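Before any questions on binding or motion, here is one chain by itself as structure tokens, the form predicted alone.
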Amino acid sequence: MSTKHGILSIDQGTTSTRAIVFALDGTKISSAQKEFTQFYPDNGWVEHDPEEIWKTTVETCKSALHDAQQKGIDVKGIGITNQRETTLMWNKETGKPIYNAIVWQDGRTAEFCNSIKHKEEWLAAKTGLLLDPYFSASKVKWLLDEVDGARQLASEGKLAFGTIDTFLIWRLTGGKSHVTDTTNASRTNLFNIHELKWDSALLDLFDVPASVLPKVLECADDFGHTEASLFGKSLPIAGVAGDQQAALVGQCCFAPGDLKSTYGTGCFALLNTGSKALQSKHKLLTTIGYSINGQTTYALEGSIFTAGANIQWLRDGIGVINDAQESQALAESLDYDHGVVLVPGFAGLGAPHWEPDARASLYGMTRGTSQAHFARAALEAVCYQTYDLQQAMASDGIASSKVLVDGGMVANDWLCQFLSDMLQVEIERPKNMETTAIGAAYLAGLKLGLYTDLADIASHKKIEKRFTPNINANTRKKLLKRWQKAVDATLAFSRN
């Protein structure tokens, strides 16, 4: 296997677009990043300009490819990972979007989703998702209903729908490929994750014509070739996955029970459930983890609304720390049984509680409470919430055997150790933290024959540090009991 070969990964996120060229062993060769504009045209509305996303994609790709070429790297193909659920439509004849991209955070379709809430159990059985503005289907309906001439264009077969991956592939291939992958399709509320196809009953529910839909391929597949005029030569697009699923692949979570947990502003945890699409009893999402060589692997997904945001609040909101890195030293200065608990309901509580009206609460303060208690409680809360997700996943059918972490927060050794103590499993922190981008590159490399199989991919992963449980059982029990009491009190307050 030649280390002179490389793969270009396009990581199109919510606030910026990145292009990274990786060597086959996962080493980052070159990268470029550009932020783009966030639009808030109305209360709860969030939009992006598709043309600006396209421009940042082309510019970052050209830069990363040029730098890689200067280093003697022969880029063999492209992998794409993207912000999920963000929705746009364009005219197939002109290639021009009919409206801005409606971002996954956008809540404009809440009233419609509530109007069909009685269908949620039926819908969840097909899609694994909830009825929520978060997902793409109600956004597509809004575009068709509210943009002048949209339904007429759709009836004439001239309109295309896509998530960001689909739009980029269309543009990169000069309109030759209108395709997506199973992971992005599984986030639309229009895709039957068991039958692996667009579902006519769901299309009827959201009043979406089948003519606008992209073809659904596997994650490692032939998505088409870029136009040679873009980057100097035509490159195959061979791997696609939504950002959290790409991180699942990037973390090499290939065995049932492997749990990937990303700690950024919030936290997304995905548990590999193998060939079983488990229906959660705790409002976790059932989603497609990845589809490769005719085999679909499913996952349970849980979200914590605030993780790194807790530390940002300490720094920017109440000024008890000057820098996020201070939190580790402050946390280490206290005993385990320090008595203060933060329930970080700054944006409500996510899985498994799903209480959007919950608010943050702090318990156990005395005159001796200091900035160290605040920092320690903020870090502990993230671990306690991950424990709640782990328990919900276990009661849904599969217990985690280990947790593979990434994201900015996990540079904190104390946090990783406390997480291991609470979850009672080994925590692995990778050397390469670019797990989302490398996941897309791995998928492309697999299709292109640069890797033989998943085991070959896993052989390239390097673990920077492992953390194993090391806490007194009675202390752990006491801490978790105190956390549960605090959550119960917070929920009781929010419901009155």
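All residue numbers refer to positions in the sequence shown, first residue = 1. Because the structure is predicted, anything quoted here is derived from the model rather than measured.
The following text describes the form predicted in complex with a small molecule, which does not appear among the structures shown.
Taking a 4.5 Å heavy atom cutoff to the small molecule in the model of the complex, the contact residue among Leu217, Leu213, Met409, Leu123 is Met409. A heavy atom within 4.5 Å of the small molecule in the model of the complex is found for one listed residue only; from Leu203, Leu362, Ala347, Ala324, this is Ala324. Contact check for Leu379: a heavy atom falls within 4.5 Å of the small molecule in the model of the complex. Taking the partner from elsewhere, Thr265 is found to have a heavy atom lying within 4.5 Å of the small molecule in the model of the complex. Although the partner is absent here, Pro352 lies well away from the small molecule in the model of the complex, with no heavy atom inside 4.5 Å. At a distance threshold of 4.5 angstroms between non-hydrogen atoms, Ser395 is out of contact with the small molecule in the model of the complex. Look at 304-312, 250-258, 417-425, 225-233: in the model of the complex, residues with non-hydrogen atoms within 4.5 angstroms of the small molecule sit in 304-312.
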